[in-house]
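Considered here are two forms of the same protein chain, supplied as structure tokens in two stand-alone entries, structure 1 and structure 2.
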Structure 1
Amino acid sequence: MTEMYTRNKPKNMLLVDASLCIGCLSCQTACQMEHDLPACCRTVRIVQLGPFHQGEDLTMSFLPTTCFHCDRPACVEACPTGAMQKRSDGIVFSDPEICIGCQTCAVACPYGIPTLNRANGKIAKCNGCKDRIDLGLWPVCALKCPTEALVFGRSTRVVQDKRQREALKLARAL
């Protein structure tokens, strides 16, 4: 779970439920289109796990990954120009007007999230679709996910919905 919040004040959350991801790349493609990124820049990455044997069958799973919008982001602290910033709602983003493309943020990030957009020489990373959120809209990755592997909303509601889905799944199994 990636939670975007300020201390003691829950805001929004992007819930990643890898068990629902089918590896269709809709989230990745939608993000690239929304932010006009070249094919080499992926701010949402789909990690393929497998194939591996499960009994006599081969299976594989997928894990959508994106920026974790950390509480104390190393990328923000490391950025020499102040281009990497954190908003009061917890969204971490890079300001292309200030970014010099030095990639110090990419080295500092423990998850390797920031990436150099070779087309413009600036850092590309998930910005939480901050402009969409400011308009009351969902991030495009969650909006375009056909299986609801990515769900966005108030943290209390998102967690409650996830618990209800898990309870229904358990009830059906009985």
Structure 2
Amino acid sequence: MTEMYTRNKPKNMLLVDASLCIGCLSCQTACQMEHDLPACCRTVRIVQLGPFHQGEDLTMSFLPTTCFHCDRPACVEACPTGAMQKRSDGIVFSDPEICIGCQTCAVACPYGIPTLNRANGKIAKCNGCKDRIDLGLWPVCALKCPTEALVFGRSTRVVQDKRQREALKLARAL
């Protein structure tokens, strides 16, 4: 069963190119709307770094952060009810039917990703838009990102895309 599942669900990847992020919060809002999350739950979060002094000038950047869907997720190991699960395609998600809101996963996660949704007392975290992916659709954060700072696809294709972007950068510089 597991092998068949693996065969049918190839792994995808979300590429985050922070150099293209403009801090517009489109991804964050799209995620909240898609999953009916309240303000306290930011399963995609834009971290603003700066402005910092760099010589006489200032510099500022934005870092979109979300669940890394770890290969060996500590949250899954720690969950006492089995609500936190990892799919065969790599997506780590929390099943709200089973979750008791104990937040053990939040403590276990080294990145502090799972947060408590106070509206329903369950854990909220990025579920990789698994329901959309099962329908062959992109996750909403990548789809609505205006600058293509978030790109989604098969890992081989995303890596190829990243290589081509860098090659283009080099070619243009020359």
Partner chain sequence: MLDYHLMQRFTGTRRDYDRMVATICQECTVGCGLCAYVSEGRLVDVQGDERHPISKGRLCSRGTAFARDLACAERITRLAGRKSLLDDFEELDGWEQALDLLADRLKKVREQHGPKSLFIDCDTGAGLDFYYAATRFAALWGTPYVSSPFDDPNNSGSTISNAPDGDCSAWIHSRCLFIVAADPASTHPVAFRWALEAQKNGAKIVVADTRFTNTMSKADLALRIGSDAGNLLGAALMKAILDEQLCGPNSTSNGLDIPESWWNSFDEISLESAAKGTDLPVARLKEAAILVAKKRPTKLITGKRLAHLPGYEIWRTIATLMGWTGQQGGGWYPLDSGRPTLCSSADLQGENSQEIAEKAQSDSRSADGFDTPRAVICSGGLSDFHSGSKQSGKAPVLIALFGCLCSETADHCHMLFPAQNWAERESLFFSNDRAIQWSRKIVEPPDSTRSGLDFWMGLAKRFGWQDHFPWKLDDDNADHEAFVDWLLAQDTSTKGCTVEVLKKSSEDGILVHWPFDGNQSLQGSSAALVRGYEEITPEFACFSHQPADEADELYPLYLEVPDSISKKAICVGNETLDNGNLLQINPEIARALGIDTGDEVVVQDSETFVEVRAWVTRMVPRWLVYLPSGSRNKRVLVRKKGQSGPDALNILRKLL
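What we label the rigid core is the largest C-alpha set whose atoms superpose within 1.5 Å from one form to the other. It should be emphasised that the depicted structure is a prediction, and the values quoted were computed from it without experimental measurement. For numbering, take structure 1's sequence and count from 1.
Each of the two structures shows the same chain on its own, and it is structure 2 that derives from the form predicted together with the partner chain. With the core held fixed, the Cα of Gly136 is displaced between the two structures by less than 2 Å. The two forms, fitted on the rigid core, differ between the two structures by 2 Å or more at the CA of His53.
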